[in-house]
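There is one chain below, alone, in structure tokens, taken in the form predicted alone.
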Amino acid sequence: MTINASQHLSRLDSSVLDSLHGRSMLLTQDWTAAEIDTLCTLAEVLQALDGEGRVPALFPQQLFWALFFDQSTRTKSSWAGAAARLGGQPVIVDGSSTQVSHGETSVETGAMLGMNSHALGVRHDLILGEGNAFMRDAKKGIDDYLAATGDDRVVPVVNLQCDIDHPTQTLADLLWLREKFPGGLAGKTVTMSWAYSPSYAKPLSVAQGIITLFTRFGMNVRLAHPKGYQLMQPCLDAAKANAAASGGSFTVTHDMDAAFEGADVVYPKSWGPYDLMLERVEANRKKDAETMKSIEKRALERNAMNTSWICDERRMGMTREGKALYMHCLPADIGAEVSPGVMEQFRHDLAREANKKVYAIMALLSAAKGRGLKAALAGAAK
């Protein structure tokens, strides 16, 4: 059943929505469950309006910068699509083209971009301890500049993936689950599993983002990985606390089969070995390119010891009635993380999941920058 924009608007809590004005999204854990629920409802309103060709140009002639220190296809496209739909102008910049490598600090980068922008997205995800810290420093630079010059612009910072979290991805995933399970998410069993990849040692942030966000909403989240692929302890602690508060559960296993047994949703995805991800920190600090290459090689060799960790037809058959929803942030390593058959079965679902990111970003920008937003959207929905 298609729900129109007016129906979604009727569920939008104006008081919570108004409280989001001026808010940056640096970690989903920084926001309450009620705030995230309201943000998701706003995203659903915007998606419905977009489907009806009624999205208002809320921010004409505004400039939305995005810095990418790592590769991206879907997130770049989503940022550009979100900005354009809201009437703004997206500018996407390779992080290596900034002056950071020449000594400019992250605070200075924020101040320079804050002079001439209305929002800033950042992807900085490869080195533990650096990405989220960079974003917070950049935000400080923006805020300090605006305060010092008496400029009343609202310039939110949006985390487009860091070393800790990938909020726009996990919010898109949450939106996809809300669509697929309209009866509610509480009690659903979600398996966040490591899977083999021969390509590169991927960041930990998607897995960490899933376990910390999904446990906010009463879901039973299972984390599965081979030994040595643990996640950051603060994220594990947060997932456990979130599950206890929401009435869900959080468990960790080193058995992929056990994690798939009876699951409603499976999310098999690779990430790098934790000890080697820590080694990257020191090598990066020393700008030691040869050591960085060696770490990557050793990480892939470690991955190759776990090639049996694949989402295939046999494992999908172990899920609830053999009909679990397969999810992935893409691109998936076909034949390694997931079998060709499973990938083909869910190809269109994965594209729809990915497209939710546009609306997650639109919601973050609109909530942070717009005033009287519900009334403006209601006028567009008439």
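Given the structure is predicted, the values throughout are model-derived calculations rather than measurements. Counting begins at 1, following the sequence as shown.
Heads up, the form predicted in complex with phosphoric acid mono(formamide)ester (CP) isn't pictured, but that's what we're talking about next.
- Only one of L49, V338, C329, A324 comes within 4.5 Å of phosphoric acid mono(formamide)ester (CP) in the model of the complex through a heavy atom, and that residue is C329.
- Checking K240, R74, R280, H118 for any heavy atom within 4.5 Å of phosphoric acid mono(formamide)ester (CP) in the model of the complex turns up a single hit: R74.
- Contact with phosphoric acid mono(formamide)ester (CP) in the model of the complex, defined as a heavy atom within 4.5 Å, is made by none of K202, S270 and R302.
- Although the partner is absent here, R216 is not a contact residue: none of its heavy atoms lies within 4.5 angstroms of phosphoric acid mono(formamide)ester (CP) in the model of the complex.
- Taking the partner from the other structure, phosphoric acid mono(formamide)ester (CP) in the model of the complex has a heavy atom within 4.5 Å of a heavy atom of H166.
- Contact between K357 and phosphoric acid mono(formamide)ester (CP) in the model of the complex is found at the 4.5 Å heavy atom cutoff.
- The shortest heavy atom separation between R123 and phosphoric acid mono(formamide)ester (CP) in the model of the complex is within 4.5 Å.
- Here the chain stands alone, but in the model of the complex its contact with phosphoric acid mono(formamide)ester (CP), taken as any heavy atom within 4.5 Å, falls in 329-337 among 52-60, 37-45, 316-324, 329-337.
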